[in-house]
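Here you get one chain, nothing else, as structure tokens; it is the form predicted on its own.
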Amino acid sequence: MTGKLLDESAKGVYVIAATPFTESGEVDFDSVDSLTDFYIDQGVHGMTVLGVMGEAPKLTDSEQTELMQRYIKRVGGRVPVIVGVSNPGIDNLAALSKASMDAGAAGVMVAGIGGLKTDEQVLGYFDKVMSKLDDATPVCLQDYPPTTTVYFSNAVINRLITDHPRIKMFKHEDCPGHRKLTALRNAPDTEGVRRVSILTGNGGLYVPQELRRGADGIMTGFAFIGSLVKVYELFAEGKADEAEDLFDLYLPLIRHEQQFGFGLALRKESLRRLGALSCPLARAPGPAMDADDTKELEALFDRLRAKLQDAGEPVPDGI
């Protein structure tokens, strides 16, 4: 293990990295390099690779390992890298976790798997997962019921944090979940639970409300990630209204990217136009844009460009 490990003080914007492919469907490692540099140039405070929007389930085990290693090598310690290691097989999860930490990851992210229906099942599953991980491996616990179908009650989350000190971060993606976020943020005071970092997802749809409720940052793959970096930094400076005004300019694109399943195609096309990757292809079976989708996206770009100019904000290259 090299570099700074994930701890409870983590904050900021952790971008969920896309996985670039060539026209023939192979992993595009040259675009991994350009995409990494793009994200860091946008000011992100960390990166997450092999996330759901990174198409991790479509990669072979060897591709996952090679992709993870390429991202970490290109980052070169400039920001911490978290690796998504969720897998139906706990031994596979543990193997990727070890490979990730050996490569220099700051920590790993683990979600529940389908079939966990009761609190006891969730607790039992994570007891088994944690027993397979090295004691020095920091964990981000991901709560994403729309995708995993696993629901974490507040009591279960607090129990997991208490029972497993290696959990350093919680990724909150339950929806609706604002009250849940507030309860978890207040748990150190109300329940005596150890404080951990809380980053929020859901594509960034609720960032202003989540930051006002005490989230430590954002973990999303929104193509225009630099805008969320600036929103976060304005909030950190105590300029909440100014931050929300900027967020509102980008909200139509954030919302557009959140189309279930299809949003990946939009995100990758935006990243291509921003010069971050060469090909917007999603690996099959995956979404692809048609002419109407392209016109729709370009119309949103036109509106964004006009709004940014009116507000005196910089216009991203490529739109």
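Predicted model, so just to flag it, every value in this text is computed and none were measured. Numbers for residues come from their place in the sequence shown, where the first is 1.
There is another form of this protein, the form predicted together with another copy of the chain, and it is not shown here; the text below is about that form.
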Counting only non-hydrogen atoms, the one stretch of 238 to 246, 220 to 228, 134 to 142, 100 to 108 within 4.5 angstroms of another copy of the chain in the model of the complex is 238 to 246
query = At the 4.5 Å heavy atom threshold, is His178 in contact with another copy of the chain in the model of the complex?
reply = yes
- Query: With the cut-off set at 4.5 Å between non-hydrogen atoms, does Asp119 touch another copy of the chain in the model of the complex?
  - Reply: yes
Would Lys307 count as touching another copy of the chain in the model of the complex under a 4.5 Å heavy atom rule?
-> yes
Worksheet item: With the cut-off set at 4.5 Å between non-hydrogen atoms, does Tyr71 touch another copy of the chain in the model of the complex?
Response: no
- Message: At 4.5 Å by heavy atoms, is each residue in Tyr125, Tyr151 and Gly286 next to another copy of the chain in the model of the complex?
- Response: yes
Contact check, 295 to 313 vs another copy of the chain in the model of the complex, heavy atom within 4.5 Å, ordered by sequence, gives Glu296, Leu300, Arg303, Lys307
